[in-house]
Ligand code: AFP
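What follows is one chain in structure tokens, specifically the form predicted on its own.
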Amino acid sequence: MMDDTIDQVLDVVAGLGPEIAAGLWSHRGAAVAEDHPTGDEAIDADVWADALLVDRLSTIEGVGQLASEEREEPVDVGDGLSITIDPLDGSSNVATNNLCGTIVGIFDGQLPAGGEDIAGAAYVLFGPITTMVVAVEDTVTELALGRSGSQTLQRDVTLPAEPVVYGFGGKDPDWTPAFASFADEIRDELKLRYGGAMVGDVNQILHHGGMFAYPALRERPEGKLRLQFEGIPMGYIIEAAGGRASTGVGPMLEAAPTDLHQRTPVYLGNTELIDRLEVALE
């Protein structure tokens, strides 16, 4: 039953990918009156994508809770798996026609739920091609999404052994001294690829190898990204592809959120780079 529900959730998300991609142009307007529960600015596209995803996913038998980055509390829709969604990661990029996407986590447990309860994760990337990366049972698959259905691009996706690119969020002056020193080393080794949407930046890492980070900051040690909506689902995908996900002090998937909208530093990528990062931050 659980496997059937996971498949249905992923099918709904895949079906909505082209619909969201086609509708972004008409929902790229200014900020709406209400912001995210954690205070970030929300735009029309955030609210529209959130409503669309929650409406469709809530009809799936076997889904118990739905939680969105746009909503203060989970929505109870039945009994079964819990679903988390970041409806439009990188939504500020919509106005300039740059990368954005959707992140989905599937949990066998009540929210907030940690990495020990994750049963699957996916992200949809709205780029020149709308693609979807899915991780279930430690296997990562990449699909191309279209109005007529999906097409498998790659099965058993793994991070390349030789890292090539990096993308680090936040402003250099706001980084901690330890992370800034580590970043100086990485600049000499890898090529910068950072577009301001986690889905796009992590997708670069998945295909080229390397490291993504939105680190702890001097005045914001908890970082910017959400553990439940971004850290754990994207960390699960990277680890299923053979990499590592860390909070900087330990494995991302061992972190236990105590609040639905809890933030965390996020470090994802090739194992040796994350190992080095954790040593540098000690």
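A residue's number is simply how far along the shown sequence it sits, counting from 1. Here the structure is a predicted model, which is why all the values come from computation and not from measurement.
Omitted from view is the form predicted together with the named molecule, to which the following refers.
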Determine whether any heavy atom of T141 comes within 4.5 Å of a heavy atom of the named molecule in the predicted bound form, and answer yes or no. no
4.5 Å heavy atom contact, L225 and the named molecule in the predicted bound form: yes
Indicate whether I83 is a 4.5 Å heavy atom neighbour of the named molecule in the predicted bound form. no
Given that the partner is absent here, does T176 sit within 4.5 Å of the named molecule in the predicted bound form, heavy atoms only? no
Residues in which of 156 to 164, 111 to 119, 74 to 82, 191 to 199 have heavy atoms within 4.5 Å of the named molecule in the predicted bound form? 191 to 199
Could you spot which one of T130, T102, S91, N203 gets a heavy atom to within 4.5 Å of the named molecule in the predicted bound form? S91
